[in-house]
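There is one chain below, alone, in structure tokens, taken in the form predicted alone.
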Amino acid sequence: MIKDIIYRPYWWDAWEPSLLAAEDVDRDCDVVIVGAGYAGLSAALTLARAGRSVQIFDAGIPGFGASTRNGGIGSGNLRPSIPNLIKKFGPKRATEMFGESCVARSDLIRFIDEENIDCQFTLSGRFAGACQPQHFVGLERTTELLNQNFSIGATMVPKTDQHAEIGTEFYHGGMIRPDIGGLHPALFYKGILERTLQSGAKVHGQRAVKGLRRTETGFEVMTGSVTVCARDVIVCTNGYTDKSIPWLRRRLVPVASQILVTKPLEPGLMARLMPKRRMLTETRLMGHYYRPTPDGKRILFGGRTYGNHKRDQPIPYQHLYDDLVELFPELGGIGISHVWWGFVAFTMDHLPQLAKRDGIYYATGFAGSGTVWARWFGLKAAYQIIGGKEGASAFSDRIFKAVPFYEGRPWFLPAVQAWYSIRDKFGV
């Protein structure tokens, strides 16, 4: 069925991460950052521009992970619904949390514009399809709360009118969020990386941190044969956290997410399937996120994975292809050009974490919405070190719970995914 597939991110056709020129490791600096993704670079850029000496250490090639493997949807999504946030945290804290997601999303747009980063950002809006009739009712309630509390301008689209948004009969209507857009993640990463290097921060690739030790004046960071002394440390490893940071590893569950991209489609077909060129998602627990590519010629389609998830090894994608064709029967037999996967990370409560423990800052647990949250929490962690009100966040000062009976290998994921699939099947 499918020939000549490229098993690497489609985004790398425009810019592929590569190992940076080697620089000497400074044995002393103000701040060490572990992980060179969006969060790590955002923190480094902010700190370096504030006059701090900063070094980032990444176990792999900077940008090789989720920062250039994601779908490029700038949602700033929070997994718990607004009613569930209110139930758990109360109206005030829930409103602050969701309000911060709106501010973070707007700040991403500001950052791209002010830094003049050419990452093909468009404020396209997002359509969320209701997979069951009762899901439409839930989306209606969410729309009311969004508009009452945040003036987002969300609207509902009944099934009779949904072809103006998406060319499928699969959904029972849906919700439009006009405040969500999309970008080219690899070009976005390239832009942040360039500005971080220009700021004077050092980015060391393929130099893993092997341990952190508290001292009277800060921290000792063990990396390779060199031990670095730093006053502050920020950890931004997210879905690629390894056993060198066991405290964090017990609190993050890496979940593999997979994406395929079609070969170019006829303009008329793209116009029928995605007439508004919006970002797209749906209400299934094991649902999909998808979108047109920035040039409007292909469909990018993401979702869950199956397989052993060995790094850089192809894993089965037929299920993803079948789900795409279920949504759009017209695509039956269409060619696929790219397939890849990568890790996102979830916390116990499915909310991102901006935490501090034993003097170490953690920006992590973005639950698949790191395009907005990773950059934002990197910024916030940096401001908390610098000092001042800019570091305040509704996500700080929460208990960061460990996952029971978990040491880093998510043995329970197959059972959880099976349970979610059953609930999706029966519309629970």
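Model, not experiment: these values are computed from the prediction. Note that residue numbering begins at 1 and tracks the sequence as displayed.
The protein also exists as the form predicted in complex with a small molecule; that form is not presented, and the subsequent description refers to it.
Novice: Name the residue from P254, G173, G342, G287 that puts a heavy atom within 4.5 Å of the small molecule in the predicted complex.
Specialist: Contact residue from the list: G342.
Novice: Could you tell me which one of T237, T196, T262, T281 places a heavy atom within 4.5 Å of the small molecule in the predicted complex?
Specialist: Filtering the options by heavy-atom distance leaves T237.
Novice: To test your reading of this chain, name the stretch in 204-212, 127-135, 328-336, 109-117 whose heavy atoms come within 4.5 Å of the small molecule in the predicted complex.
Specialist: The contacting stretch is 204-212.
Novice: Looking in the predicted complex, any heavy atom of I360 within 4.5 Å of the small molecule?
Specialist: Looking in the predicted complex, residue contacts with the small molecule do not include I360, since no heavy atom lies within 4.5 Å.
Novice: Does the small molecule come within 4.5 Å of any heavy atom of E220 in the predicted complex?
Specialist: Flag for E220 set to no.
Novice: My question is simply whether A59 lines the interface with the small molecule in the predicted complex - judged by any non-hydrogen atom within 4.5 Å.
Specialist: The answer is yes: A59 has a heavy atom within 4.5 Å of the small molecule.
Novice: Would you check, heavy atoms only and a 4.5 Å threshold, whether V31 touches the small molecule in the predicted complex?
Specialist: Outside the cut-off, so no.
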